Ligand SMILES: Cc1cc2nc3c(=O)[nH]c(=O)nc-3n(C[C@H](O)[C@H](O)[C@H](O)COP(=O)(O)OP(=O)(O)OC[C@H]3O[C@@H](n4cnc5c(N)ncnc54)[C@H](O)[C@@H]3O)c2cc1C
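Form predicted on its own, single chain, as structure tokens, below.
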């Protein structure tokens, strides 16, 4: 069956795409709006701006790929589609971070889980972070708009065995669980979403908003890294960028982008890092601070039957049983989900070496994995991390403190209880020194006594948020509640860096909905001025 490839077809009929690796001389481009980044925020903003009749340039550091490039092989997907070949870590190497780096950003490689911003988060932002106009009621039409645009709906098919274990465990224990909504159309249920969708079923920015913007005349510049924001007084007047080679190293060719308005959508690490490199005004020392990850711990479980966690929708069930149990500002809560179980992904997130690791991987097809995403940024002892500039780029300093480890211990216990309730024969908390546990009573005792520590306990994250928070009080925010800079008339931020805390939920739909609102308001204003 032939797979329709909207990227190949669009390029063939003349879309405006510049691969900066092929540019050999300095280049200046101008438009009404320049957008840095093409992920969840940049893609939505680009389509809305182009629909409004504004000229748009999208600048993306990664390459333009399409379904022709996606062959479901981890060895090719991670180096080609992820930041730092999917090996990015925090400053102390204690947390591994997954972020996309290609046109479409992380939406090209995420696992399609789509959840509206939780009521608890919105209420906390309104009460504690001076955010205005973002309530459950006011955002509902924007979420509905993006759910329709991206075909987001409840996964109607049977969960794969990996997710089924989460469901069965919740049912046995009387815990809450929810069927996940996914942004897919015509999904083949292969389970390889993290390697780029080879059949274009995933409704990522790569196959939806970016093509729609290009159809309306927008220009996409790929393999171009925006290095500096040029400004004078309260106006941005240009973005300086470097052309990147095929291997994403600078070629020495400089690019300059000029616009009436600039939108930063480079993500919650790169947007603050760009602002810091450019030395934008920051009188209250906010940029890059309070960056959140949903730091995540993992629990493996061996079942007698085949789990085959590499096959089928990666995520289709979650449990919020423990996320908000103690109130937003109480002890850190955690969301229970499962990840896809692919060989390299899991081998790099499990411990041991030699025979013990080989023994675990030999049981790969019987391995179920549950994850607990810790909700950070609400408790006074959960201040997240800080983006820092280095001689070679940036780093994220994210210390894991006692408040986190207390939540992690509770999470390990919940995951083990759930996995045994679902029928697991053995459970393995993924932390050095732990062995296979054969019963819930044994696991309960062992987890209560286990040592948890950075580099000893595996912690990972695919959710980066904060660092350029929104709000009406400049003492605690860089942009207002519509994403407009407090300091520059023609600068907006539209990505996950806006969030004043983590969400307690997977972030893509929150970015889509809030960006749709803010970009629409901005487009209306720019049209009135034009």
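Positions refer to the first chain, counted from 1. Remember, predicted model here, so these are calculated numbers, not experimental data.
As for the form predicted together with the ligand, it is not shown, yet the points below apply to it.
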Check all three, 41, 226 and 496, heavy atom within 4.5 Å of the ligand in the predicted bound form: yes
Partner-contacting position among 266, 206, 415, 213 - heavy atom within 4.5 Å of the ligand in the predicted bound form: 266
Candidate from 101, 335, 290, 261 lying within 4.5 Å of the ligand in the predicted bound form - any heavy atom: 101
Proximity to the ligand in the predicted bound form (heavy atom, within 4.5 Å), stretch among 47 to 55, 31 to 39, 467 to 475, 481 to 489: 31 to 39
Any non-hydrogen atom of residue 61 within 4.5 angstroms of the ligand in the predicted bound form: yes
The ligand contact in the predicted bound form: residue 518, any heavy atom under 4.5 Å: no
Contact test in the predicted bound form: residue 112 vs the ligand, heavy atoms, 4.5 Å: yes
4.5 Å heavy atom contact, residue 507 and the ligand in the predicted bound form: yes
